[in-house]
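This document starts with one chain, in the form predicted alone, laid out as structure tokens.
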Amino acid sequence: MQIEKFLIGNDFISSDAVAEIKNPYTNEVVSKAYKSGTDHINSSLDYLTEVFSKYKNSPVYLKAELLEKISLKISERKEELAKLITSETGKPVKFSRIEIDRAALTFKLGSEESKRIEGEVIDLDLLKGSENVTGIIKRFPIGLILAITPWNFPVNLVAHKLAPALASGNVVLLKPASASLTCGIEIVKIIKESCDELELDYCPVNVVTSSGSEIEKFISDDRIKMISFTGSSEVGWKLKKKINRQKISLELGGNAGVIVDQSADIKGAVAKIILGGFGQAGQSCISVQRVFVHEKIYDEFEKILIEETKKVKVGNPYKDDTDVASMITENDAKKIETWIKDAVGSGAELIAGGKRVNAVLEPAILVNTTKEMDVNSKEVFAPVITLTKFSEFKKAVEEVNDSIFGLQAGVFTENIHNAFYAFNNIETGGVIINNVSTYRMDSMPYGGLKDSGNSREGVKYAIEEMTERKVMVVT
């Protein structure tokens, strides 16, 4: 088995230590990577700081061509990269293929957005003495960005850090999740290959395989101008407390609520909720977790939901028809199994699934839960949903809002007034009408309120986070 190297400066290098990555479904070692250390991180920060002065001044056409090349290469290697995702994370391969398509799109969006980073011209003759004064406003890259990415979308969430950063002239030190190191390394290989083909004598991206604790030593380093982090709320807010003057973009967790109004298409809502709550074993920060169903349609909804949940295919992630495979570790599956048992012990009823075999947890549906139970109040990050009746739409909105999180929500309704009431009053970064909270298009602004984060991704909107406005006053 080849041991993957990490990129420091303009070269892939090895070290004395090796990390092993196991497939969570089989528990077999599927890849290995050399582990970088503190000295490597320090060297990379020096290199990227120097490279920034070159890359920020490179012409737009070069940035656009670089990102276009990366997008095409990812598409060309779709099957290989999809199987790599599945081998490292246990994600069903059909979802891994979709992720590769999305990653290619994200880099293509970066290529397009690099050509239209906006500026302004404003009149400043607002007081006597400022006649004929004009302001010219332009966005400039901020410098070296530390990108820390999770394992659950180990290619596309890397793309969401790198594409806007490169489009806007920044340089990036990438720290992929330990559970999916090779996925991050492979994308950086593609970037390096693309730079070589464009005859660049440098690469604006480096990748390290260090532990989180080693990376944290550099969080407030003045060479780093921004941290872009996607991961758990607990870790994200802890990082924010440690920074010095850096900007920090946090994309964190959730316990998404979905409302099914009495006017909704029940079968259509059920199909989307099953995919949004159980697909990929529910391991998405916008996975459907809390479902609120109008009392007039509740019985029919519950019956159909149970019937359709039984049809969900659980098993080998390498099979094309598998919907749910393993969670990322057996310990994670055990933790959620305990949450389910605790809920049942406190009066909830398990009406479907919930059985665990190693790291695989059957899709579970709970009723008669309370908001204080872990399965409602915390982020389950597992194939578990809870069902609750409601009688008034406004009350359902209040239930969705009764959470420390605020990432995205879904609303199924044919009532336009209810749709706009939800949009105006649900406390989340996104409200998805007639679809689940899990919906995301890579061009849209994406991010949360409350404990779910403090910024927005989506290439155009991430560029705003990764640039600073500067004004030139012409008198």
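In this text the structure is predicted, and so the values were computed from the model without any measurement. Residues carry their position along the shown sequence, with the first being 1.
Not pictured, yet referred to below: the form predicted together with a further copy of the same chain.
Within 4.5 Å of any heavy atom of a further copy of the same chain in the predicted complex lies no heavy atom of residue 331. When contacts are judged by a 4.5 Å heavy atom cut-off, residue 322 does not count as touching a further copy of the same chain in the predicted complex. Heavy atoms of residue 246 reach within 4.5 Å of a further copy of the same chain in the predicted complex, making it an interface residue. Heavy atoms of residue 395 never reach within 4.5 Å of a further copy of the same chain in the predicted complex, leaving it off the interface. Checking 146-154, 386-394, 120-128, 279-287 against a further copy of the same chain in the predicted complex, the stretch whose residues place heavy atoms within 4.5 Å of it is 120-128.
Residue in contact with a further copy of the same chain in the predicted complex (any heavy atom within 4.5 Å), chosen from 192, 108, 83, 73: 108.
The contact with a further copy of the same chain in the predicted complex, taken as any heavy atom within 4.5 Å, belongs to 139 out of 139, 294, 378, 97.
Contacts between stretch 49-68 and a further copy of the same chain, counted in the predicted complex as any heavy atom lying within 4.5 Å, involve 59, 60, 61, 68, listed in sequence order.
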